[in-house]
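This document contains two forms of one protein chain, each encoded as structure tokens and listed individually as structure 1 and structure 2.
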Structure 1
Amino acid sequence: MLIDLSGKVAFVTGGSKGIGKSIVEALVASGACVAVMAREQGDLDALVVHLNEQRPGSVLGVVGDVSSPEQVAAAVDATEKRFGALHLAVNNAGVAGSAGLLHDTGHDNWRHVMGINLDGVAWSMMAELPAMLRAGRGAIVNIASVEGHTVLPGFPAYVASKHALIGLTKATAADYAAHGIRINSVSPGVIATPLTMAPGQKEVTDRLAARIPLGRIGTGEDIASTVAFLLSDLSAYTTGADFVVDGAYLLRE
């Protein structure tokens, strides 16, 4: 059964590259109109132009930072004004932060990571949920991580933020179910992105891939297809769940 999001309006944070870009492309291909929020103007403009060439008027780009409640609220408001409503959202923006022991990485790194990975999702949902209540229903997917189920040595702030994000997803799913809004999360494993495949990092990625039971690292499309399913009516009875998409990374020896 094909995923059909025709007539739906989606809002995606961190959507100009990597996993976020794959998600935006999948949603547009499924028929949705999509507002994309990202911090870098150049990548965002290029994506918007490319996708609007395929489906004219289907994509809106908004420059902004999810760590700012005001900028997120303005982006969601722009989405409603452009497309008339908001039905779907993917809160994808995230950062890893600096590597090191907690006391070495310090206060600024902790606040930076939490400000985007946790606060940024909360601010986004605070803007998205009222819009979905106005629309009468909705679906949200928060992008967590396999590190929300285990630990990544040397990245305590990142690990803490992703554990907390899964908790936030479950808590809000319970609160908004009666309002017709479903909220789930997806926890990607090792995924091929410009960052993980960059010179100096690709060697680490390849070593990890060799230990993944499925025998390969994931792609942005692997994550995007799961997200599209969770946003669609095919998952109408699913809320408060976290979907691990990792090729059995968490089960490796």
Structure 2
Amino acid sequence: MLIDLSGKVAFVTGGSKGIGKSIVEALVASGACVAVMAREQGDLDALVVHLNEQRPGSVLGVVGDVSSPEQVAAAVDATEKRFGALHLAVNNAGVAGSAGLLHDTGHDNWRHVMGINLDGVAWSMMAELPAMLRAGRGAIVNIASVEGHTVLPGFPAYVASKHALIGLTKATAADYAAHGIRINSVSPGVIATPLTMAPGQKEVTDRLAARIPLGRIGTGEDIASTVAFLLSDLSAYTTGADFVVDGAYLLRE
């Protein structure tokens, strides 16, 4: 990868597998030091050990849940203590929730999806932004979805959370531009990850993949390279934008 992030410190949520893991790998390969927050200790430990073998001391793992403001604040704090000033953040952790009509999926499913996909990003940014203000500049990428532009039938909470996340990205981009902090979102299309390949979900994935004009499901690396670009100075004049990375999936709606 040609993007140079050496000397930069990054914080990535949901980075132990799937798209988040690809993002962490890309940022480490670009020279950044990366703190990775995820819920599951096992996957996280394996990734941290592996990447620190490649570049010693470059990765910190922090177990935590983004739906807890206290846990995210503690993770950002641990990042600054370990690596110094925070420059970059990727708010990637997200869940699809249960499939069904709104009245069938229930209050708990709604709160679960919103609590991670929308509140979790807001709590993360509330911790990251003061750290970036202390650093004097920053760049944030929120991982939205093509379902923030269209609808995936049977997933109303997910669709609503991703539409709202793009709105949150634009609102904060406008508010923090004068402080030297750029905030963009990336909207992946259908990407092969544990989330989309899970039992019960794979059928939905296969149905969606059949109509992608570029002729294939996307990879985590497809998303990670766009994220790295948006975190780098190559995109210095870009803020408040949403980058759709979907093989033209949305054009087939």
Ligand SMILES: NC(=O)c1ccc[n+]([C@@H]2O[C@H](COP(=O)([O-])OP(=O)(O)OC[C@H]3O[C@@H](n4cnc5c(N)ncnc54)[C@H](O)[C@@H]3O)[C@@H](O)[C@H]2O)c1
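Between two forms, the rigid core is defined as the largest C-alpha subset superposing within 1.5 Å. One-based numbering along structure 1's sequence throughout. Remember, it's a predicted structure, so these values are computed and weren't measured experimentally.
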property	result
Structure number of the form predicted together with this ligand	2
Core fit, then residue 196 C-alpha moves 2 Å or more between structure 1 and structure 2	yes
